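Included below are structure tokens for two forms of one protein chain, each presented in isolation as structure 1 and structure 2.
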Structure 1
Amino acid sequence: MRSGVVYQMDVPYREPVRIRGFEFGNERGARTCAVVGSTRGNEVQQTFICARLVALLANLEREGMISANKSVLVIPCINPFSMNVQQRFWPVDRADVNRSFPGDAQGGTTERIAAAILRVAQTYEHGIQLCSFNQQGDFLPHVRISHQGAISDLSATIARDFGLPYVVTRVPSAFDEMTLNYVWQQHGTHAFSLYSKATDRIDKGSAQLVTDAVLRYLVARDILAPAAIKATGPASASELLHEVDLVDLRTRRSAGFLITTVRVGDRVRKGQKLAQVLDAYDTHVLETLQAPVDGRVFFMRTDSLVQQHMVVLRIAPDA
């Protein structure tokens, strides 16, 4: 294992920001895969998963299980300043590092960080980013790809090597064009966003699930020896799912307490009662939410209070 500073930047009134990276394998070998952890200061789970990968890969390297002609880079956190002060975005101007790509070496703070990370990350054939989900709630761990043509078509096929339940593809919006995943693909890298169940707390179960998925992917790329995954959990037969096919189940005109009767991952049948909205003063039932299709619960809001027209569940419909 070789560790070093990927990028360093001086900031007023604090010690310099140092972004550390850990490289495994042959430093002169093919740059095969880069793993990038948290881009935001509250992404504790994503940093934790990368830290576990660093420890596991160090052990595997000592055991001679990393290819002699390939290399892997792990950057656990590219925004340590925000994490140190417990702020999701850059504390000075509230800028989002993951909306600053491709960056600008002479630009603002987050643009400089993005440019430095991309300069290194784009030299790898495969890229894995550990991301936080954009909706508050519980969901199935999955792989996500911003679709950009031929490279994304191949990425969607090899993404099954992670062994997670779903590979989700989405048509990128203008908002996505400043993310690492999108820009990575523009530079010819097979880019994947991996989502675990938690963000600002450590969930050991889903952290292990995602860690195992990354190891399986590295084995499939011939970076790790097959014996490296002998202790991992069983892989799932990944189902390809387009994000637009997810079926949203929303409250209508009701707001109040949310009571759900299912869990994420449960199979549901069309017409099955999944949740109720109760009046906040006397708990009488204001609204009952039923499954609109047969499928599997992909996402579920965990807030105890809901508002009108709010997405409560998202169902992955049966093929």
Structure 2
Amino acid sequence: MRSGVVYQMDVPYREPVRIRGFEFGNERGARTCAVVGSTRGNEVQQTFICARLVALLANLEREGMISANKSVLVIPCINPFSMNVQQRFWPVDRADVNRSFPGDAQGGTTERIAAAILRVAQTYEHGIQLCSFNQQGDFLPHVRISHQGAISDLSATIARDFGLPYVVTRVPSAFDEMTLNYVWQQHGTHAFSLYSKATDRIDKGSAQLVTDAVLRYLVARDILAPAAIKATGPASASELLHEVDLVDLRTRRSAGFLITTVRVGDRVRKGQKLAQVLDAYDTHVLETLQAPVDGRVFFMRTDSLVQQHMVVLRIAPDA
């Protein structure tokens, strides 16, 4: 393992921002896979998963299980400046680092960071980003791919090598066009976003699922020896889903306390009561949300208060 500073920026009143990378395998070998962790200051789980990967890959390297002619890079956190003050966005101007790509080496502060990360990341054939959603909620761990051309067709096929239950493709909107995942793919990298169950707290169970998935993917790409897979849990046969196929349940006519009666990953039947919105003054039931289809709970909001017009649950319908 070789560790180094991928990018450093001096800032006033604080230690310099140092973005650290950890490289495994042959430093002159083919740059095969880069893993990027948190881009926002509350992505604790994403940083934790990367830190676990660093530890696991260091062990596997000691055991001689990393290919002699390939290399892997892990950058656990590209935004320590925000993480250390526990703010999701860049503390000065509230810029979202994950919406600053492709960046600009002579541009604004977060654009400089984005440009520096992309300069390194785009040299890898495969890219894995650990992401969070912009609403408080838990996901079924899954791989997500921007669907924007031939490369994403191939990416969707090889994404099954992660062995996660779902591979989700999404036609990017204009809002996605400044994310690392989108720009990475534009530069010819097989780009994957991995979503785990938590964001601002450590969930060890789903963290393990994701680290296992990354190791399986590295084995499939011949970066790790097949024996490395022994350390991982059983793989799932991935189901391919288009994001538009997910069925949303939303608060249509109420706001208040949100009480859910299921958990992420639960199987649900059409007509089953999944959540209720209760009046915030006397707890009478304002709205009951029922499953419109048979399927599995793919996403569930975790805030206990909910506004009107909010997605509370997303169901992956049975095939």
Partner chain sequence: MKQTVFSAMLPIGESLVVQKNRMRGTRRDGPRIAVVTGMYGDELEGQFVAFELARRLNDSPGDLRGTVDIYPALNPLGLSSHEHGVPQFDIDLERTFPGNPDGNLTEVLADAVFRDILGARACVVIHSSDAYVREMTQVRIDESPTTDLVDLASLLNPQIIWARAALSTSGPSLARALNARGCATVVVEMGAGMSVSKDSGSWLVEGILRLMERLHAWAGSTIALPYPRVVRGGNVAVLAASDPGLFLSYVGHGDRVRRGDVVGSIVNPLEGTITSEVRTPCNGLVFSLRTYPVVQPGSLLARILEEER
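Keep in mind it's a predicted model, so treat the numbers as computed, not measured. Please note that residue numbering is based on structure 1, beginning with 1 at the start of its sequence. Here the rigid core means the biggest group of C-alpha atoms that line up within 1.5 Å when the two forms are laid on top of each other.
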For this pair of chain forms, which number matches the form predicted alone?
1
Threshold 2 Å Cα movement between structure 1 and structure 2 for E27, core superposed
no
For a quick test of reading the superposition: does K270 move by 2 Å or more at the CA between structure 1 and structure 2, rigid core aligned?
yes
After a rigid core superposition, would you say the CA of G41 moves by 2 angstroms or more between structure 1 and structure 2, or not?
no
Per-residue CA shift, I259 (Å; core superposed between structure 1 and structure 2):
3.4
